[in-house]
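First, one chain by itself: the form predicted on its own, in structure tokens.
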Amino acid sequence: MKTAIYLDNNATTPLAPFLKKILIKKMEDWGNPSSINQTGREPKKIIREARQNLAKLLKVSSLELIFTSGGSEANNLALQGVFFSQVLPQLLDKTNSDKNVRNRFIISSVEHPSVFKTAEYLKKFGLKLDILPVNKDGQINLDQLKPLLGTDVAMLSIMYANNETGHIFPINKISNMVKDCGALLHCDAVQAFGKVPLNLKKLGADLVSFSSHKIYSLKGSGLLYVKKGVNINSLIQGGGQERFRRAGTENTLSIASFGLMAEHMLDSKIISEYFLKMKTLRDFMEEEILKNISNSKIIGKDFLRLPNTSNILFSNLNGESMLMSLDLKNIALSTGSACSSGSSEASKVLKAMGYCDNQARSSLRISLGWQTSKQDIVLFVKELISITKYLNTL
């Protein structure tokens, strides 16, 4: 059954129509980009051009970009790469006193599972971990961060924008604070790419993660920006791909789609036009929902958010029941992160923000895309009103 209305774009996005014909042609270049014979030349060129396009878009050097299999690997490479390159050697050096060792990471309480679980994993090797809380509006209190930034901090990992609520964090301000204590800053910008303009030189982060399938490209490729001078260890041992920082034959077709989308977005009007379109539709949707569905609440409505994302609580209703009812109407959305699917637990993000289990289970995450129309929103809201009225009678 074909989905009529797709409102789960933070989980993944459809392939941009203009890419399809181009990628069919690119499929003819099937060689290994590491081969020195003629079959490898065009694939190698495809990867080089993709890297250059992404570097232009992000305002960095192409040598600072590492292709990965996706955002989760990019986050793992950032955290594990720094830990095993810079932190573990200090812990193993018997001449170091405790005062001279930077063996602590700081992450927020609403980070993506690929950051949270990686940080927890590294505790086995001696990492100390601090969790920075957020409030019910999804905001970080910088006054709570300041006392945590001691001389034992090796890295702070904070996402640019939350994948469930859309809240945007003040990375520039955080960057200045982190630099003052001599630590590194990693930023998971997977959800921000393509929705807001990004200039990595101005952002101030040392490492930044991205994913291709969140920006209307193929699944299977991600990107990690590593600022010149920052050393990381490779997660995957093997060949010399990605300048020995990520071994393995590259996913040429997905990387091609990633680079072509970056080239498309080099037109500065693209992101700004879609930003305005999505924000206008989202604001209209939220207004209609609040007006027509009693006991509905937009989480952090008055704070800076991604233009496409809305997380809404519906008191006394079950989010999964609403989701399944909408799915039967061919309307797709979610109750939280796609990376937590299959779990019956309430959203860890909403619980970290201070909401109880019942409240966290009563939410829907609605994430618009470039393809979303006003008619989609009108039909969605109409069905949602009908479903909530029915569920309230049970």
Ligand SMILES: Cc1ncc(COP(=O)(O)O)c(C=O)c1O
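Residue indices: 1-based, along the sequence shown. Owing to the predicted nature of the structure, the values given are computational and were not obtained by experimental measurement.
As for the form predicted in complex with the named molecule, it is not shown, yet the points below apply to it.
- For the options 257, 308, 163, 108, the one in contact with the named molecule in the predicted complex, meaning a heavy atom within 4.5 Å, is 163.
- Screening 214, 167, 246, 282 for any heavy atom within 4.5 Å of the named molecule in the predicted complex leaves a single hit, 214.
- The stretch among 294-302, 146-154, 233-241, 72-80 whose residues place heavy atoms within 4.5 Å of the named molecule in the predicted complex is 72-80.
- Heavy atoms of residue 10 reach within 4.5 Å of the named molecule in the predicted complex, making it an interface residue.
- Remark: residue 114 counts among the residues lining the named molecule in the predicted complex, judged by a heavy atom distance of 4.5 Å or less.
- At a distance threshold of 4.5 angstroms between non-hydrogen atoms, residue 205 is out of contact with the named molecule in the predicted complex.
- For the chain shown alone, residue 289 is not a contact residue for the named molecule in the predicted complex, no non-hydrogen atom being within 4.5 angstroms.
- Applying a 4.5 Å heavy atom cutoff to the named molecule in the predicted complex picks out 188, 190, 191 from 178-200, in order along the sequence.
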